Structures are given as C-alpha cells and as structure tokens.
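Next up: a single chain in structure tokens, the form predicted alone.
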C-alpha cells in the first residue's frame, strides 16, 4: 500500500488529463494512427488508473457488491477498449468533436478506473482469461491492420496502418512470452493468493491431529 494520500493521485490524474487536452500534444498524438492507439489511449487509461487510487475505501467496498470477482468491471473495460480499437472510432475521434469528447471521458472513466478497481478482486483464472484474450486481441487487430490492402481510416495513410499492425503483433508476442515465462519460471503471487507454506501446513495438520486426539 502506498503512503501517499488519495488526493495526491487525484491531482496527478487531473494534471495528466489536462496535459493530454493541450491542443499541441493532442494534434501530435493524433497525427499518427500508431501514436493515437499506442500512446494517447494508454495515457488516457493511466488517468483512470490514477483516479482509482483516489477512490475512498468505503466507495470501493460498496462497488464491490456489484462487481463480484471483478468480472463486471472487467467486462465494461474490455467492451469500451474494443470500441476504441476500431478504425472507425479512431477516425471519428479526430473529425467529430462529440466523439473526441466521448473518447477523452470514456477511456479514463470506463476503462482505466473500473479495471483498476476490479483487478484486485479477480481470481487467478479470471486474470488469466483476460491476459490471454488481450494477447489474442493484439494479434487479431495487428494481423488485420497489417494485411488489409486498403486504408481503414480516412485520416491515416496505409503505411501508418501497416506499421501499427506490426507494433501490435510485436506487443502481443512480448506479452505472450512474458506470461509464459511467469508460468514456467516466475512467481505468480500477484495473480492469486499465496498458498500456505509447507511448514505452516504441517503445523496446521499437527494442530488438527492434537485436537482430534484430545479426549472430550
């Protein structure tokens, strides 16, 4: 747990959000399909991740009643993320101001925030399914952008689209190798509760044996 007060993370989130709204930076990040998807959108997600650190504990506890095992929050974040990976959505966010406003609000509040709140509630299996689906999405979208012969976005050139496809496949490959390495050689304590150590299990078994052997 961090010792920093929740208001600290809220201020950082607001500052990052305002920086991303700056016209110069907005134009720079949206000038390329690659930077919009791989830089701007992850930074907007980070705003939501920071906001989650500022949510009061009692609010989080109340939300947990409607987010069993983190599944509802994960579904919400996944659906909204899938929407903003569509070429039509990326295109419209540049030319249509209402869509741009929707993007700037929905990504932090409906992707980053619910995902950060739901992640600690997820079981090992739910987290594993999410990671595998995320990797598959990178491969699917990357392959689509790479092999499609025509431009999928009116605002971006075919070369930029193909470059994004290559990067998505590379990111998917890196994630796949990372998950495989964690499963084969790493520790997965962050993905599930740590089981009792063997000495503790032995002590518990001995205590139960003594309890059963004690005359009533």
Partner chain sequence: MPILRTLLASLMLMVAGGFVLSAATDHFRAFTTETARRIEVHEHPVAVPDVLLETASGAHIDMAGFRGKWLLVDFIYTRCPTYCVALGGEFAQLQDRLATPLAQGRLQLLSISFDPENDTPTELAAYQQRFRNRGPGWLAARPVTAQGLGQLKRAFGITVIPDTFGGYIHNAAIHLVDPQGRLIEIVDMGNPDILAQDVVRSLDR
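Residue numbers count along the first chain shown, from 1. Every value quoted in this text rests on a predicted model; they were computed, and no experiment measured them.
What follows is about the form predicted together with the partner chain, which we do not show.
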Partner contact for residue 72 in the predicted complex: the partner chain, 4.5 angstroms, heavy atom: yes
Is there a heavy atom of residue 87 lying 4.5 Å or less from a heavy atom of the partner chain in the predicted complex? yes
Even though the partner chain is not shown here, does residue 151 get within 4.5 Å of it in the predicted complex, heavy atoms only? yes
Contact flag, residue 68 vs the partner chain in the predicted complex, heavy atom cut 4.5 Å: yes
Hey, of 37-45, 58-66, 169-177, 22-30, which bit sits against the partner chain in the predicted complex at 4.5 Å between non-hydrogen atoms? 58-66
The unique member of 132, 79, 109, 101 whose heavy atoms fall within 4.5 Å of the partner chain in the predicted complex: 79
Quick one: of 116, 146, 122, 83, which gets a non-hydrogen atom within 4.5 angstroms of the partner chain in the predicted complex? 83
Partner contacts for 152-178, taking the partner chain in the predicted complex and a 4.5 Å heavy atom cut-off: 152, 154, 155, 156, 157
